[in-house]
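The chain below stands alone, shown as structure tokens; this is the form predicted alone.
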Amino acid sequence: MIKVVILGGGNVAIQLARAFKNSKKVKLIQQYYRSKPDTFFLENNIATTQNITNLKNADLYIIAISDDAISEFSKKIIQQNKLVVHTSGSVALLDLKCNANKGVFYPLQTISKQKKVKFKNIPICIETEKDSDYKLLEKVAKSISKYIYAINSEQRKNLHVAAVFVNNFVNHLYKIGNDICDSHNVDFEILKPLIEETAKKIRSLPPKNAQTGPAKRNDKKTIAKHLKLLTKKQQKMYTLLTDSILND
């Protein structure tokens, strides 16, 4: 069994812990926390510590904390000749400042603590300094997911930006659509089949070929009508996206 320690108690840390609990090749032996241990670890009799110098001996240490804190936090890890990885899409491998072997274990998915995640279908991007460490990290990744990708820091940095566009920005557009519906007493539920169909289309079509709507048709009359219905902030966003589609 590959022994793993998780450092952190946020969304990714908890979901990874749940996934490892069901793995036959990985044994989660400890959680490091800063504020308080999550109930998951207590309920499953997994050791916890608030003392960074009191980490158990493990094969892999996974830092799952906020991106901005990773580099400074990693300096506190004193384990040597062990593999220490972070789970961030935007932080480079060499931003880890510990003296241990370094790596990245990045699950490419939007993750919330409250909603259980099926890691089996989540792509996991991995990177290590050493080939031997890659094999270890690959075993850990394969124990919870079917989709493993060797992605270096430069690729992952750009992949993370792409993910922001297709996930965070798209979700914000859902929020704007919801606002428009609410302001006119329309139930947002009516748009969900459209959202689902749009997402399904890109499984069989390139996004450019799947594009529809007034901007794609250069339907200037409809575009003008839409702009009259929107707030100034919404108009700016509508115009920016429409121009992007028109000039694509």
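Position 1 is the first residue in the sequence shown; the rest follow in order. Quantities reported herein were computed from a predicted structural model and do not represent experimental measurements.
Just so it is clear, the following notes concern the form predicted in complex with a further copy of the same chain, a form of the same protein that is not shown.
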Open item on the list: Even though the partner isn't displayed, in the predicted complex is residue 2 close enough to a further copy of the same chain, meaning a heavy atom within 4.5 Å?
Closed with: no
- [ ] Classify residue 229 as contacting or not contacting a further copy of the same chain in the predicted complex by the rule of any non-hydrogen atom within 4.5 angstroms, answering yes or no.
- [x] yes
Open item on the list: Whether residue 171 contacts a further copy of the same chain in the predicted complex should be assessed with a 4.5 Å heavy atom distance threshold; does it?
Closed with: yes
Task: residue 234, heavy atom within 4.5 angstroms of a further copy of the same chain in the predicted complex - done: yes
- [ ] Within 4.5 Å of a further copy of the same chain in the predicted complex, counting heavy atoms only, one of 115-123, 96-104, 130-138, 75-83 shows up; tell me which.
- [x] 115-123
Task: Interface residues of 221-248 toward a further copy of the same chain, as seen in the predicted complex [heavy atoms, 4.5 Å] - done: 221, 222, 225, 226, 229, 230, 233, 234, 236, 237, 238, 240, 241, 242, 244, 245, 247, 248
